[in-house]
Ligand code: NAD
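One chain comes next, on its own, written out as structure tokens in the form predicted on its own.
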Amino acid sequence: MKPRVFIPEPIAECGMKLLQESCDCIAPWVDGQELSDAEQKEILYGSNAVIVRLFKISAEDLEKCPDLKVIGKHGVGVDNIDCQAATARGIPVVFTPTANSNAVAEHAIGLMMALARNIVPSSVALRDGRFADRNQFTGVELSEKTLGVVGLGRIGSRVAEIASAGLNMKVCGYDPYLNTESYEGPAEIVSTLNDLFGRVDFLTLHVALSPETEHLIDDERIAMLKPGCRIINTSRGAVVDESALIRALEEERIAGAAIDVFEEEPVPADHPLCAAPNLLLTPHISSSSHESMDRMANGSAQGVLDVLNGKTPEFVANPDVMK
């Protein structure tokens, strides 16, 4: 009997083809089905493997999955999966940490440029017939501005590279896990966040969500920023205290912000963020390039297949389980 693999959210065709060669794939979205959360969980509970994007898997879910052998994460962040519970049950969580680095970095740069030149509000004004409002949208140039990068992993390092080499920006970086002796990138490394915040014109966040990074950007830290600073977050929503961000924008303590990720997703249209001034929002699409989606689909599918076939997968988010 073929392994039963549940894929609750769309992935690229290349990943599906890879799985379908040896697995029975349950992907209701292929036929346009929209299942309730309870219906999706019932499928999960009877599966041998699952590949998720934003779909949440809790410890309680795992207790109801007697035959689950592997969880595949289509992406990098695994905060929607209880990895500790998965490890306790001997279930590897495979993921794709290298697949979306360039896509997310380019999206962060795009958001920064859009903020700097008021691209979105000026476009809305033009479509509304307010051409004469053009003088309200005078922006700032990025050249010779200072970019602060929090987190210099694959994505943050790529952002620093693009900003420095392509946009002539001065780059400062903070990463407590960085080996500064071997670092050869363009960023000037600072030892504390306090050293970073007071000097940057733009601040971009590229950290995983953890107890240490939850609400890393709060009222206190926003108060350290220049009034003209702009914040970009493409990491995880809870890294930024959204209430603090809204207050800072309404009180004009910062010049603007752009966020692609949110504390709760999906974001309802009546969420206070949607009414905040000088705030650019995108619906968690920083990794959504065709190239990145192919890499994530292939990578997560191959990781799942490796575990099902008794092989060691390349990337495991809970490596202790392999011991």
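Computed from a predicted model, the values in this text were never measured in an experiment. In case it trips you up, residue 1 is the first one in the sequence shown, and so on.
Quick note: we don't show the form predicted in complex with the named molecule, though the next part is all about it.
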item	value
Contacting member of Ser164, Thr213, Thr87, Asn118, with respect to the named molecule in the predicted bound form [4.5 Å, heavy atom]	Thr213
Partner-contacting position among Arg199, Arg253, Lys170, Arg154 - heavy atom within 4.5 Å of the named molecule in the predicted bound form	Arg154
Partner contact for Asp82 in the predicted bound form: the named molecule, 4.5 angstroms, heavy atom	no
Heavy atom of Tyr177 within 4.5 Å of the named molecule in the predicted bound form	yes
4.5 Å heavy atom contact, His284 and the named molecule in the predicted bound form	yes
Residue contact check: Gly185 to the named molecule in the predicted bound form, 4.5 Å heavy atom	no
Segment assignment from 244-252, 231-239, 139-147, 126-134: heavy atom within 4.5 Å of the named molecule in the predicted bound form	231-239
